[in-house]
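Below sits a lone chain in structure tokens, taken as the form predicted on its own.
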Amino acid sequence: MPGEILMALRKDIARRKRTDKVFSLLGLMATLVGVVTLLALMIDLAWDGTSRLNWAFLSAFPSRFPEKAGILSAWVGTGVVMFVTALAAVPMGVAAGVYLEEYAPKNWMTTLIEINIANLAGVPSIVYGLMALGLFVYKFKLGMSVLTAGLTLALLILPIVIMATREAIRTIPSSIREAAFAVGATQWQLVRHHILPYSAGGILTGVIIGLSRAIGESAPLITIGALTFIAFLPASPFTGTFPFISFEWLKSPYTVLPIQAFNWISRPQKSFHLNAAAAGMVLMAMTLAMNGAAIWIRYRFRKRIKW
């Protein structure tokens, strides 16, 4: 090989390596932006809110005196609303995802539905609040209750659950389907014994990520009538008489942590701002715990799958 060609080849390789290093540096900087922002937010919240974060703060109701105010009704409300959201969104989302991937015919109608689901994932949350206000509150007369809030957030995360389910199902090799049909399995047997177990890790990860988004939403809940000051808890789901289960808690008024924090931060007193920071720490801890659970579940399910 002539010396000029060899020299040009070496220069070209060196240029490509420099491009790789530049791209790697840009990627590292982009990653650090997110990490540093999150760390700065957590440090700022901890700096302001640690002094208020104690058992009395977690177990007390809101008060007009900042030193006596707590988040008991807010974190309990967040928990029950998330419970209703999960009960409503997960079965519908998983069923829709399985249908679109395994049962639905490939035609223009299916394509139109898939495009609409993808677009719904990007609709602003306030639009869901306006729709829920007209549908659940005024049309179905469900009132400004825990049930309305849960269903509203379920609609919000439903496209995320459907898309996560479809992506998880797509990772299953087609040879699994061919082998199941070859031994005479029906479509439902294939879904029940192979598709759902193998895709469970991805589905659960998508569900938890969707719930992590819903737990921080406040705009749609304010639209449908979430209260900012509640000094009581929803009714107990258990009773002392037959049938020992009550659904009155679904009709209870509610508040959630983001709305409670927003209410405190909008007040002029500095002490309420410290309460808002402490509530933000609790909300951040709940969100990180859910994301940590998603990572652990995905890891556990991937370890089980061997094909």
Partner chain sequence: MSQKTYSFPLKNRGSLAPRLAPSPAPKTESPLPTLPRRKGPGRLQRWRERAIQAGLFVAAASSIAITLGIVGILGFESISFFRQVPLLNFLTDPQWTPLFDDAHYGIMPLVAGTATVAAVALCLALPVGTVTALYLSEYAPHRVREIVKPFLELLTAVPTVVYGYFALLFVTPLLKHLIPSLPGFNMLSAGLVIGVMIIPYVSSLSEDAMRAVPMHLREASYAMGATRFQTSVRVVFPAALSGVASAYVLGFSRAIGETMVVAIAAGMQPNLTFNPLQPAATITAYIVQVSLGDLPHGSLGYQTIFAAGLTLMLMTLVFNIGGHVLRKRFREKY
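Since the model is a prediction, treat every value here as computed from it, not as a measurement. Residue numbers count along the first chain shown, from 1.
Just so it is clear, the following notes concern the form predicted together with its partner chain, a form of the same protein that is not shown.
This chain is displayed alone, yet in the predicted complex one of Leu53, Ala277, Leu250, Ala69 has a heavy atom within 4.5 Å of its partner chain; that residue is Ala277. Interface residue among Val98, Leu204, Met82, Leu147, judged by heavy atoms within 4.5 Å of its partner chain in the predicted complex: Val98. Among heavy atoms of Pro124, some come within 4.5 Å of its partner chain in the predicted complex.
Looking at Arg213, you'd find a heavy atom of it within 4.5 angstroms of its partner chain in the predicted complex. Contact annotation: Leu58 falls outside 4.5 Å of its partner chain in the predicted complex, judged by heavy atom distances. Though the partner is left out of this view, Asn116 does reach within 4.5 Å of its partner chain in the predicted complex, counting heavy atoms only.
Within 4.5 angstroms of its partner chain in the predicted complex, the stretch 34-57 places a non-hydrogen atom from each of Gly34, Val35, Thr37, Leu38, Leu39, Ala40, Leu41, Asp44, Leu45, Asp48, taken in sequence order.
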